[in-house]
Structures are given as C-alpha cells and as structure tokens.
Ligand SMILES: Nc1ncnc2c1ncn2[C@@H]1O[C@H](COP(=O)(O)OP(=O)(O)O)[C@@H](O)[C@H]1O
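Next up is one chain by itself, shown in structure tokens, the form predicted alone.
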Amino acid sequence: MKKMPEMLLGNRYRILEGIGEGGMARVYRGMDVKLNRPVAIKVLYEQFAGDPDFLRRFKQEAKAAAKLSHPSIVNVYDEGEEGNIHYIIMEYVDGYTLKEVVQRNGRLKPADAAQIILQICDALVHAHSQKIIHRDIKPQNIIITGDGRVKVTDFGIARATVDATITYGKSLLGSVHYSSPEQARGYCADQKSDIYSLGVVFYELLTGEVPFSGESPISIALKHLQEDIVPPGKLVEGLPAELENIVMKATHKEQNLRYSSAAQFRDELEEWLKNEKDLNYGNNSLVKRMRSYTLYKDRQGFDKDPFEEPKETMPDKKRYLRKKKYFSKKILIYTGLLVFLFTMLFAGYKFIHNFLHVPEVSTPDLQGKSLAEAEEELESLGLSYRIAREEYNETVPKDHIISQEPPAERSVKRGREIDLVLSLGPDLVEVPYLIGSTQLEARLMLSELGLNMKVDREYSDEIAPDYVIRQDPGKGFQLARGEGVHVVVSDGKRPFSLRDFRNWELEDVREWLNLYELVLRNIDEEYSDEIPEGRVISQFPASGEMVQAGDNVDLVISKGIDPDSYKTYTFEIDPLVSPGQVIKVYVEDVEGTKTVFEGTYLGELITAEGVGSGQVVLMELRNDEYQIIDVLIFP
C-alpha cells in the first residue's frame, strides 16, 4: 500500500497509518484533532482526483450520504481537498469486513447469517427512505465489529464511480459477483438492485461461495444476465426451505419479481428468526466408523484354514506313472516353443532387411501451398500425408499449408506419412449491431466474439448517457478476432451552469428543473430571518456549478422566522393631529395585519405592539378616504 507521510488535512484531520485500499481510494486511520476522535480517511486515487466531472458527482453524493444517520451505517462526516488530495472523512469502525469473516470461517449458520442480513436490511430501509441507493452492496463494504454489530460503508458514493470504472479500467472486478442484471447491462440501479446484491451476499453467507464465478468480470456479468442461480439448498444439505425461498426471491433476475422493498425483505427474515428454534444447525462433526475382523479358529482351539484341501497318500507306482507323463508333456512344449521362436526370428530378419533397403527421398517444402498442390507433389515422391490439425491463421489462406513435420529437405523413406497443419484462414466474426446498446452491453457482446472496443464520447441531445450513438464498422462486417470496433458513446446533454434559486418559490424551482431534466432529490426546511416562508434558502449543487440532465439537486426551503426568536416591540404613538379628527392606526408584522385604533382622535397617546419585524401605519380620514400620514418601520 502506498505510504503517505503524516500530515494534517483541512487543518483538522491527521493521517496516522494506512489500513486498506478500495476501488477508488486508499484508506487511512486518522484522528480528528478538533474533536479528538478517531476517523477513517479515504484519499481518492490520482486518476479520479484529476477528473472534474467525477469530482463533481462524487462531492454531490458524499454530501447526500452525510445526511444518513443509522446505527448500521458508517457515518460520513466531511469531504474536502488539500492541493491535489481529495478526501472523505468517515466514522472509524474497528472490525473485520464480512468478506474476511467468510474467508476465515466458511459458511455461517443460517440463524447467524440471517441476523447479519437483517441489520443490513435496516440500513437499506433508512437509506432508501432518503432516496439514496448504495449500488455496490458486497461483503467488502460490510464491517462486523467485535461485538457482532453490522456497519455498511460507502453509501451513495458508488454512483460517482459508475463512469469512472469503465474509463479507468477498474471495471467490475470485486463488485461483479454481486451486481444485479440491470447493472450488468449498464442500466441505472434502484432500490431493487441493492436487494439483488444483498440476496447474493446472503447466498454466500449460507453456502460459503458466490452463485456465479468465471475467468473474467465479463463472463461473470453475462452469467448474471443469462444463467439461473443454483438454489442454495442444493449446495447445503438441510438448509431451511424458507431461507432458500427468501434468497431466490431477492435474487430474481426480473426486478418486479423481487422484494418490493428492503423493509419487506427484512420482515420475512424477522418472521423466520422468530420461528427458528434450532440455532445449532450446521455442526459439521464427523462420524467415525470402526472396522473389525475375526480370526477363524476351529472348535479344538487352534488356527485352521477352512479352505485348505486334505492331503492324501498315493501308492508309489501311481506316483511314478504320473511323473513320466508330466515329463513327456514338458518335452513337447519346449520343442514347440523352439520352432515358434526360430520362425519369428527369420520373419524379423526379412522385415528388417527390406526396411533398411527402402529408397530415401527428400521432403518437399509445402508451406504456403494449397492442399491439392501438396497432395500432388507428395504423391510424385511416393509419400503420403495426414492432416494433423486445422487452425485459424491471419496470413495463410484457407486450405493452404501452415507447417509440416518432418520439415522440408529432410531425408525420409518412401511411403512415409507427412503431418500437415492446414489453415482455416482468418478467424472472422460478424460485427453485431451496437447502436442503442449501453457501453457495457456493447463491450460484453464484442468480448464474447473476441473483438476489442475503442471508445470515443460526445455530448448528445437525443441519446441518453452511456448509450452507443454510432459504430464503425457497421453490423454484418467481418473482422478477425482481436481486431477492434470503434464506437461513439453519448455523454448525455452538454453540461450547463446551474441557476441561483435563492429566494425562489419552490414551485418555480420545480418547473425550472423539469424543463432542464434535473431531478429534485431532497427538500429540507429551516427557519430564516431573511428568506420568506416557502422560498429557497440554499441549494446543492451551488449556483454556477456545471450540471447536466439527470443530475440531482437538493434544496433547503425557508420555514419563516423561528417563533421562539420573535421580539415584541411596544410603541407610544402621538398622532400629531387635531382632536376631533378621524384616524386609523394599524400594525403589519410577522403575525399579519391588525388595527390598533380607528375613530375620532381625542388627544391621548395610542399604544401599539409589533412582533418580529414590520411597520406601524397612521392614516387620516380625508374626503371620505383614509390617507397615510406617517409610517414607523421596526425593528
């Protein structure tokens, strides 16, 4: 892991030591010197820190994730930059990742696995209620503390890395085993994508292995798209059927057939745990088998072979005749063997003699010649051939010779068989139609055909981001494996500068965002002494920042002045008009408009009270109409 000298970020966060690396950042243990508490510091890799579009999305998602507050979610405290160093400050959790737990202990007991998934469900319920999707649920992003509590990290931040993973070659790697089919296609992830990924994590906890594996991330992604998951009960004998059903529903390829929410997923787990009583399931004790044997003994108490033949005593004459007959047979057998051996030696001599005297010829050079030409030339020399194998070749035409054995100009006996390697020509495949596919789908299709993909990107008002606009060569064109197809992928609509919404009415902001295809994500409310109720106090991203269609916008709306902060002002008013005049005195303040005095003025002082801020207005009746003669502004 790359070392970083001990330094102070933001004049507050001290880096102490490296503790890990992830897909987008190095992780350090640090200390918040202002609050004197340990923190985890994620420092972005250099290639991400140099991408302004990535940084814009990353900061937006990090600030959104910082609003999450849940005991099963690792808190995001802060984000910032120090020179070229971009960092996130997170809660420091002392424990092990769930991946490390599985690698060390293997599959878990069903009840233990269900308890862990239950806590992750709780975290997802909270995040989804805040419209934040994790997008990268996997055991590496789940920490188990020493007392068994679950902590999920990297909430919401995964969205910023979607484009970057393709751009910088990080691809899917550790995440692809847990990615939903819609993510493998390159589509937007939603709540049910998190549910699918969590179902795969549950599968791994119960069986000790992921449902799909392969030699490359692409092959695994295709399995998520095309192959059915093997039910975990087929891998673990005696697994409760209810848990298997929960896993299979969570990991259904069709989104509408999965759990409708993380809360529904959690409720079914809680119901099973409530009914589960055998918490000792999964004890893998071994059963020992014993073997025994007995020694046969006869009833008299001594060892005896029950299959042994009894011996008989023969008369001497019979023994003599038997021996004579035996020796006669022996002589006949030996004589026959000698005759056979002599015959074989003679035949072998003739064979070797004839072989050694076969005339020799020099093998011709057949490389590059057609099979017909090679056959004719070999036949003229008294040689034959055998097609050892056929293989694709980019330079040797189809049905021509690539190589031979023995090689050219080697002396061989007439009748010798020459091994030939025959060309199938270039390994050509047809280019598929890629326009309208996502970038990831196009890469998967080309990879399966052995073709490479060269990507350029451009803005488009018609084509959604990450979809192919055009390709070269087009559909049906034949290319040799290893060659590349050039595609142009949409970057979506051209970024533009965000308006300043401060002091706007909420409905006016909604209308503007819809017009420019931006998404109003979170609306918070705060009291304000300056901004009237119902108007915008602040926004994220800030005015002037570059955004494009599909980006999220968060607003803080004024609730008006805090009632607890209102101050009451008392005024003694001398109207300075002649007694007998008809006057009217009213107050406009945060509570509305109220009349203090109306009628014939008799010369006394008039008392008025105003709350918060506003004005006291004095009016005089002239020609049957009230006219303003004085205004007092407060405070």
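Only a predicted model underlies this, so the values are computations on that prediction, with no experimental measurement involved. Each residue number is its position in the shown sequence, starting from 1.
The following text describes the form predicted together with this ligand, which does not appear among the structures shown.
Asker: So which stretch, 489 to 497, 211 to 219, 553 to 561, 140 to 148, is the one near this ligand in the model of the complex (non-hydrogen atoms, 4.5 Å)?
Answerer: Only one stretch qualifies here: 140 to 148.
Asker: With a 4.5 Å heavy atom cut-off, would you call Asp154 a contact of this ligand in the model of the complex?
Answerer: Result yes; Asp154 sits at the interface with this ligand in the model of the complex.
Asker: Decide whether Tyr92 counts as a contact residue for this ligand in the model of the complex under a heavy atom distance cut-off of 4.5 Å.
Answerer: Because a heavy atom of Tyr92 falls inside 4.5 Å of this ligand in the model of the complex, the answer is yes.
Asker: Although the partner isn't part of this model, could you tell me whether Lys42 comes within 4.5 Å of this ligand in the model of the complex, counting any heavy atom of the residue?
Answerer: Yes.
Asker: Under a 4.5 Å heavy atom criterion, is Leu16 part of the interface with this ligand in the model of the complex?
Answerer: Leu16: no, not in contact with this ligand in the model of the complex.
Asker: With this ligand left out of view, choose which of Ile573, Ala66, Val596, Val27 has a non-hydrogen atom within 4.5 angstroms of it in the model of the complex.
Answerer: Looking at Ile573, Ala66, Val596, Val27 one by one, just Val27 meets the 4.5 Å heavy-atom criterion.
Asker: Please tell me which of Gln255, Thr97, Gln539, Ser72 lies within 4.5 Å of this ligand in the model of the complex, judged by heavy atoms.
Answerer: By the 4.5 Å heavy-atom cutoff, the listed residue in contact is Thr97.
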